[in-house]
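Take a look at this single chain in structure tokens; it is the form predicted alone.
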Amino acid sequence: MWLVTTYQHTSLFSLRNSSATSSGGKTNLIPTMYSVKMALLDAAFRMGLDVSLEFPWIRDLEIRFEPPEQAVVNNSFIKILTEPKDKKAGPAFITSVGFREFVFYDGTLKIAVKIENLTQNHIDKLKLLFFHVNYFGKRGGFLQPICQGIQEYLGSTFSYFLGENGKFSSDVIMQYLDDMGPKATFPSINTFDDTAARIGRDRIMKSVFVPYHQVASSRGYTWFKRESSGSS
């Protein structure tokens, strides 16, 4: 059983890949599992919940994505602020130029969470938390939750992991998306705590197949499309 929340993006989406540099910011095509869980924790804070108590079950959520039917990635060079090589003299930041990608979505984004192992109390909280999320990725990548429902199975238009068995689309693009590790602790993901997050324990990379195929591209853009939900 899966809890599926549907979002409509109201602005461009951008979320730099974890391996991207500050000057070469290629974006993921969809949010990562890590970013969704961080958004849920942020929503829990704003709902007045004790996040340190909610963290363990949110950390262990199993998440899948159905991307919008079409996505166009725009390639841009923008002015950014960076730290100078000589940090002891001169201004704290200097202007530079960085490569950035922004995604325009045509259609709705669906986020599915496996709820078979959750208690009814956690499911009820999860439903509310998703309706308190209003952006993923780069701040300003706003979206609007429009509906929510329970599905017994996910179709082939949803993402899946490398090595997973099932009926999936073979027309896919593989991306490395980060997730919280099963041994991650709340202090390690808390940006206000001095505990450092360790790659491979607190933050792990997963090979995710996104059901998109490339339609066209040029110097300025790349156009992706997936099969329609009705054809799965």
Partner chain sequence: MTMLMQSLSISGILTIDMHSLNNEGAEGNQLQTRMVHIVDENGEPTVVNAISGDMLKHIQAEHLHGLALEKELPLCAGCTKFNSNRINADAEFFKSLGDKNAIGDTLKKVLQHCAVDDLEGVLITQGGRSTPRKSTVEFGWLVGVPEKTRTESYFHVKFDNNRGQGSGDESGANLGQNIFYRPASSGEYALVMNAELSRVGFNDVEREYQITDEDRKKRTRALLESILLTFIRPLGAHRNTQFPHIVNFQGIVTTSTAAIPAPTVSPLNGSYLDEVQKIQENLNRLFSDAITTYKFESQSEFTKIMADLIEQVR
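Please read these numbers as outputs of a predicted model, since none were measured by experiment. Residue numbers count along the first chain shown, from 1.
Omitted here: the form predicted together with the partner chain. The next part is about that form.
Shown without its partner, this chain lists 119, 96, 74, 151 as candidates; in the predicted complex, only 74 has a non-hydrogen atom within 4.5 angstroms of the partner chain. In plain terms, the part of the chain that comes close to the partner chain in the predicted complex, with a heavy atom within 4.5 Å, is 37 to 45 out of 57 to 65, 37 to 45, 170 to 178, 201 to 209. Residue contact check for residue 70: one or more of its heavy atoms lie within 4.5 Å of the partner chain in the predicted complex.
Although the partner is absent here, residue 123 lies well away from the partner chain in the predicted complex, with no heavy atom inside 4.5 Å.
Contact annotation for residue 228: none of its heavy atoms lies within 4.5 Å of the partner chain in the predicted complex. The partner chain in the predicted complex comes within 4.5 Å of a heavy atom belonging to residue 102. For the three marked residues, 106, 135 and 139, a heavy atom of each sits within 4.5 Å of the partner chain in the predicted complex. Contacts of stretch 109 to 128 with the partner chain in the predicted complex, defined by any heavy atom lying within 4.5 Å, are made by 128 alone.
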